[in-house]
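Encoded as structure tokens, the following chain is the form predicted on its own, with no partner shown.
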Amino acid sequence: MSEAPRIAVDDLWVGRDGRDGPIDVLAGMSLVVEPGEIVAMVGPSGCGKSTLLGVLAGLEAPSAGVVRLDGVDRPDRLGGLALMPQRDALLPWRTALDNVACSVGWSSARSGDDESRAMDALARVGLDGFEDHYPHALSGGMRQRVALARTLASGARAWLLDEPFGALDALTRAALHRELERAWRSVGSSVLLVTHDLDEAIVLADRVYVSSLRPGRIVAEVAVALGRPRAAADTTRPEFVRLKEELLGVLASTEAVA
């Protein structure tokens, strides 16, 4: 995928087999990520946000609906969009460097360029010096940073980020917000970020979608008309506070309806 794609989800349905019969996880989910845009998605726990990312990554087929990349239905999109799952999914028998290099190419005959790109990605997330450490020797937050480095090194022009900073302390999270934005600016990727953190959504995104309770569907779209770069310190600005209150109001109304 040489250019950042336009990602369009149209009337997506995903079901599961429950103990008492079929359960809808997503019910008519529709959204768009424009080329080179960061879009955040927030919503209650269990509303199908991670399921949506799995479908977009090609890991799961929907019950109905379609995913289009640049207007084309692409059921073969597995590997075309880089997914960073909630759990780091690192390979325990590989070092941090090897885990990141896996995103560049699975061949054991790794090139010098591949290794250089992987080392650069680790340095970006503050893990230079930890290239030869195995996952069991890293903290949960460090493992999550390796997973982010793997995404940045992938070369994909679309990133699907599932709670990427949830295991990190506030200072590290703020630093990686800045690094993610720098990487996004340099690559121009289309990004869909799933998060429970409204501050994070406003700091990083151009637009924020709000999902209903399960079964998930989009109930609101809020534009983030704030200049970049943004930072955690901006959370006290009146415009920031207004956006957060708007999002909180939408979330509260979805829970009240349920």
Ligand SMILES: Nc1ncnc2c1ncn2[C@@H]1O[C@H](COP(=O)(O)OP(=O)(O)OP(=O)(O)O)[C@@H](O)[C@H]1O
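Just so we're clear, the structure is a prediction, and the values are computed from it rather than from any experiment. Residue numbers here begin at 1 and follow the sequence given.
We do not show the form predicted in complex with the ligand, though everything after this point is about it.
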**Heavy atom of G58 within 4.5 Å of the ligand in the predicted complex** = no
**Message:** Within 4.5 Å, heavy atoms only: does R214 come near the ligand in the predicted complex?
**Reply:** yes
**Prompt:** Quick one: does G36 come within 4.5 Å of the ligand in the predicted complex, counting heavy atoms only?
**Reply:** no
**Message:** So, T172 and the ligand: in the predicted complex, are they within 4.5 Å at any heavy atom pair?
**Reply:** no
**Asked** Okay, which stretch from 197-205, 65-73, 45-53, 229-237 lines the ligand in the predicted complex, with non-hydrogen atoms inside 4.5 Å?
**Response** 45-53
**Request:** Residue by residue through 8-31, tell me which have a non-hydrogen atom within 4.5 angstroms of the ligand in the predicted complex.
**Result:** R16, D17, V25
